[in-house]
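Let's start with one chain on its own, the form predicted alone, as structure tokens.
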Amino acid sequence: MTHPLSKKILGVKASPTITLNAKATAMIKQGLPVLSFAVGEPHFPTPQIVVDKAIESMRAGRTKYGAAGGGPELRKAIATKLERENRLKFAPEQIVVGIGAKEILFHLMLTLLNDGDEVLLPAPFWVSYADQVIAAGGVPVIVPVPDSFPANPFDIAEIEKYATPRTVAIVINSPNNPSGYVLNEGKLREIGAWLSKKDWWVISDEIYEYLSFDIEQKSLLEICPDLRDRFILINGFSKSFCMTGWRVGYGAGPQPVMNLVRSLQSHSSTCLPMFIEDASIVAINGGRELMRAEIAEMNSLRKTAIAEFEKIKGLPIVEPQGAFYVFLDLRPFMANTGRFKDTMAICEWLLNDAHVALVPGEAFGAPGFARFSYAVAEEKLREGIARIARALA
């Protein structure tokens, strides 16, 4: 008789975005004309200057182990970026670089949480937060999408109702995945004033920082510096520099916390390859200017997606201010047809019948909605929305 498996890990579900994209990919291999809008990945290639640096570095023999938590040159470059672009001062020792922002977040949850600790997750939220909390022994407390959404997507009064004496942390994500909302400076000041009265860890996921179009994205810490002793900033290179496959993310926060995150990394993924670190330094030194053309094109795609979806009667959307998603409100469609029990069923139907892959809102704590990624070529974007329009009609 075998011993039982971990109850913590049995409570973890596979990522719905990865699962759906795998199904869509399998259907494509079968010859079906599937268009996938399920994965959060820019369609642009990594900037050539970054690729060239990685090749040059490999040819120079920079293929050995790097330092756990990132080498000093890369951490210094990130610290310089945070001061230059975000007006935030972090010492390189307060920064940990890892295998994507996802790994940093996972190790951060393991570092901060004890069994039974609660983490507030205001919906809609990124799919992996809740399962990372569970794997760390914590309890994800999902705050449902407020009635004021999307006009007031981060409703402090509603969130407060879910706080308990066991609450130890809250996760904030702006620009938001999946809905594309961006918290403006006034809202950030309101959030900071509220959190200043708490003793929670504040985890701020700012990975879509460069993809903020209608509102200038600022870090909560810049607006509310008194949160510094319990604030952890999460960012990465995947979205900003089209480096999803390179797996480079980082966290910046209080040194005792980041020391533990670095220690955990030394026992898991160990380090980034040195040649990827070298290429990442080129990217982050180039900053927003390096990605100017791609950011402008993404904004153009955003406007096209909004215009095309607004032509579909009975399908309200959350107009995105940032990131690269349109959040579709399928609740009126469900009510009118009476055919579908949830948005998971609608997304299955759209994939099988219209050959369009979306991510159901249940994955984001937002039943009744679905996420559509417009980070694709314009022709594919228009065809995908047209297929959705025909299917819903």
Ligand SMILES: Cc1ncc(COP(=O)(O)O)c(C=O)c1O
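The first residue of the shown sequence is 1; numbering continues from there. Just so we're clear, the structure is a prediction, and the values are computed from it rather than from any experiment.
Missing here is the form predicted together with the named molecule; even so, the following discussion is about that form.
With the named molecule omitted here, the record of contacts in the model of the complex names 205-213 of 152-160, 111-119, 205-213, 86-94, defined by a heavy atom within 4.5 Å. In terms of contact with the named molecule in the model of the complex, the residue from H107, R75, K239, R302 that brings a heavy atom within 4.5 Å is K239.
This chain lacks the partner; the member of Y181, W201, W126, F275 within 4.5 angstroms of the named molecule in the model of the complex by a non-hydrogen atom is W126. Taken together, the three residues A101, N173 and R247 all come within 4.5 Å of the named molecule in the model of the complex, as judged by their closest heavy atom. Not displayed here, the named molecule is kept clear of Q217 by more than 4.5 Å at the level of heavy atoms in the model of the complex. In the model of the complex, at least one heavy atom of N177 sits within 4.5 Å of the named molecule. Of all the residues from 258-289, none has a non-hydrogen atom no more than 4.5 Å from the named molecule in the model of the complex.
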